[in-house]
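To begin, one chain is listed below as structure tokens, in the form predicted on its own.
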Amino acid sequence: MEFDIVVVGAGPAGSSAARVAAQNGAKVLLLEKRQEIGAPKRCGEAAPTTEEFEKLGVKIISQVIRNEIRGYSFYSPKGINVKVVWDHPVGYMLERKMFDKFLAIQAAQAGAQIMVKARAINLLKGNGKIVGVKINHFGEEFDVDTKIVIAADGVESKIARWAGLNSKSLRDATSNVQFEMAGIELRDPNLIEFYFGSKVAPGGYAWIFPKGDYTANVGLGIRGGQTTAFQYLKKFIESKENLRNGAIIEVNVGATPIGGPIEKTVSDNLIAVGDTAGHINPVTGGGIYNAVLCGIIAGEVAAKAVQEGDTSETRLFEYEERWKKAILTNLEKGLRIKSVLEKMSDEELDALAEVLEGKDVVRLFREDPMTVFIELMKRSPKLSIKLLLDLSGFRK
């Protein structure tokens, strides 16, 4: 078998890359190691508005949308609540199993071939360069020749490591557990809730992502802690009267890379995209939009490189330049915000919440986060001078 481009992983990044590459004239093979695209989900399922996706040329169908999101509600360790609310949708809750299949169907309609239950088990090399992929498809092993491999196989990516890229280790990730729950009462079915504190989720946070009036994704991610993420989640749910009697209808586990992007996302004949490349917001853990955006860029660059007969790292570097121009600033802001929150004790998080307003939360993501944090800390005498000094030196 021979293809211009082999995409490994049929998540939002991989399917978007496959679709766009096929639309640009490349012969594309999209591989998914599981027997069903989109399952199991490893995601809170929150995404930007359909208008944001339409700017990328992706028209989201209504069948994949479960709920509107109109704001966010943050809870400090002792329960101080800070809300950011709009009078219009600022995002949507998706049904990821349907959304991922929707993107894969678009790739197929564009001309990409798709194989499920197809695991990439090695990269093929000739003269020191990638020339193909060895695949196990329903137990049968065979080689596929290709000019470019797009690695979209997630945080545990083997493709990136085999190609010599410094992929993210699990030390850069949170350990996550999420229950989809039904029969629960929600404070506001259009607000996403976040809960912070070392007793709730050390090194991370807990969340409630509403999928309707009585259904939500309830989960948490931790780094460190005294027990497992599963035990922390059970304790969190038991502490909430509106959750403890709900029914668990799905369990999801996984890791989220929150250490920022990898150092290099291209090499000769290879592009890394999505979770593989660390394209996840280090604060929110959200990565669907970034995955689609960067997948589109990867597909465009790869197809053009094949047409030009130049699949070298130098040629493919256009992809790295373009994705960095699009999202690197936001990823770096997220890293700075995460660094601040990680340094704060529960008492300092409570003190911050006492002076934090909704407009400050918006400013953190739109302006220099260190400037905003320092302003907030000057409002509160309860915050340590040492922390203030540490943050003053952490602008870059």
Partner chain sequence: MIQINRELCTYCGGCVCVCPTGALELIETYVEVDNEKCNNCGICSGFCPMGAIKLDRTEAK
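On a predicted model such as this, the values are computed, not experimentally measured, just so you know. Numbering follows the first chain given and starts at 1.
There is another form of this protein, the form predicted in complex with the partner chain, and it is not shown here; the text below is about that form.
For the options A108, V177, L191, V200, the one in contact with the partner chain in the model of the complex, meaning a heavy atom within 4.5 Å, is V177. Of the residues given (G246, G286, G254, G260), G254 alone sits with a heavy atom within 4.5 Å of the partner chain in the model of the complex. With the partner omitted here, the stretch from 278 to 286, 93 to 101, 113 to 121, 313 to 321 that lies within 4.5 Å of the partner chain by heavy atoms in the model of the complex is 113 to 121. Contact check for K211: every heavy atom lies farther than 4.5 Å from the partner chain in the model of the complex. The partner chain is not shown here, but in the model of the complex it comes within 4.5 Å of a heavy atom of Q35. Heavy atoms of D268 never reach within 4.5 Å of the partner chain in the model of the complex, leaving it off the interface.
Taking the partner from the other structure, the partner chain in the model of the complex has a heavy atom within 4.5 Å of a heavy atom of E156.
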